[in-house]
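Quick setup: one chain, the form predicted alone, written in structure tokens, and binding and motion questions come after.
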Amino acid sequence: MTMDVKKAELHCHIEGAASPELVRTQAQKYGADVSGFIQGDRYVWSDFTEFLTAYDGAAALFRTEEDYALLARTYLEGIAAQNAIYAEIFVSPDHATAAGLSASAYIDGLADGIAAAKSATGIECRMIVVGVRHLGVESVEAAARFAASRPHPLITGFGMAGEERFGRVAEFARSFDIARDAGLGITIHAGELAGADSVRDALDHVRPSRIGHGVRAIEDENLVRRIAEEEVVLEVCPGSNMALKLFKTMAEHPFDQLRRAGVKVTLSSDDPPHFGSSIGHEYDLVAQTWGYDAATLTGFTRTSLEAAFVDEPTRAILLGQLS
């Protein structure tokens, strides 16, 4: 059933979307050893710290514009085959720098891959520049200034990812002000590994239109009510949450509870191959767990498109594709 549903995802880290197969190919190209974090056809890690090590190890094997074009195209064509019509990818200038590539070359390479995928499948994509929280305030502000310079028309948003338990949200508020003043859409990771307080802090200090994850808000009834009233959209990634053991079973996942409380929820895959997921799998998960029909699932796509950081003419075209 879900294969026929048109899909969109707002929360995917592009380096985290690299399949083990693609990373192995890149490792052969650069003579690198990936046995420490890839075994067979899957990534291997046991906790969030090891996950970040695997993520960074894979990301380090994308070093040229052509590498990033291949990564973006492979990811986008893969989700287009699952009937996705729109995606937003988190892009990290810090990872580009670590790989020896300038931020502008990194963005240009990704844009080439996005254009190739659109030409091949029709899928639309935009980029959200993210600062990496555990690299510190100055690093996140530098990412915000880069995004605010509007180096490419496909960059339409700014966010913050990384270790959510590092620092206080208030310390990063200036970075979001810089991005907001430049007209960029605002999102922030909160309420994943840290609890409801991190979501509240994000709302108070960052004033985002969207929150990445946000599922731990369920621990505070008043906070859930506030999210619903302020119409903040949650970029929910159930497969990721399950892989990181935030919840024991999908039946315990708060996605449906949040939906019934009036919160605007969407579905995304986060770092799909690391978590054994894909955007199609995420739609399958919630359909199988709560029995959603095609109309309900399409509603999640509609919410994603309405919350997307995209120009209004494109949004209208995308919404027009929903039956």
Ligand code: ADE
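Predicted model only: the values in this text are computed from it and were never measured. Numbering starts at 1 and follows the sequence shown.
Keep in mind that the form predicted in complex with ligand ADE is missing from the display, and what follows is about it.
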Taking any heavy atom pair closer than or equal to 4.5 Å as contact, tell me whether His189 reaches ligand ADE in the predicted complex.
yes
Using heavy atoms and a 4.5 Å limit, would one call Asp270 a contact residue for ligand ADE in the predicted complex?
yes
Using a 4.5 Å heavy atom cut-off, state whether Gly162 contacts ligand ADE in the predicted complex.
yes
Partner proximity in the predicted complex: Arg210 to ligand ADE, non-hydrogen atom cutoff 4.5 Å
no
Is ligand ADE in the predicted complex near all of His13, Phe48 and Tyr55, within 4.5 Å of a heavy atom of each?
yes
Out of 270 to 278, 61 to 69, 290 to 298, 36 to 44, where are the residues with a heavy atom within 4.5 Å of ligand ADE in the predicted complex?
270 to 278
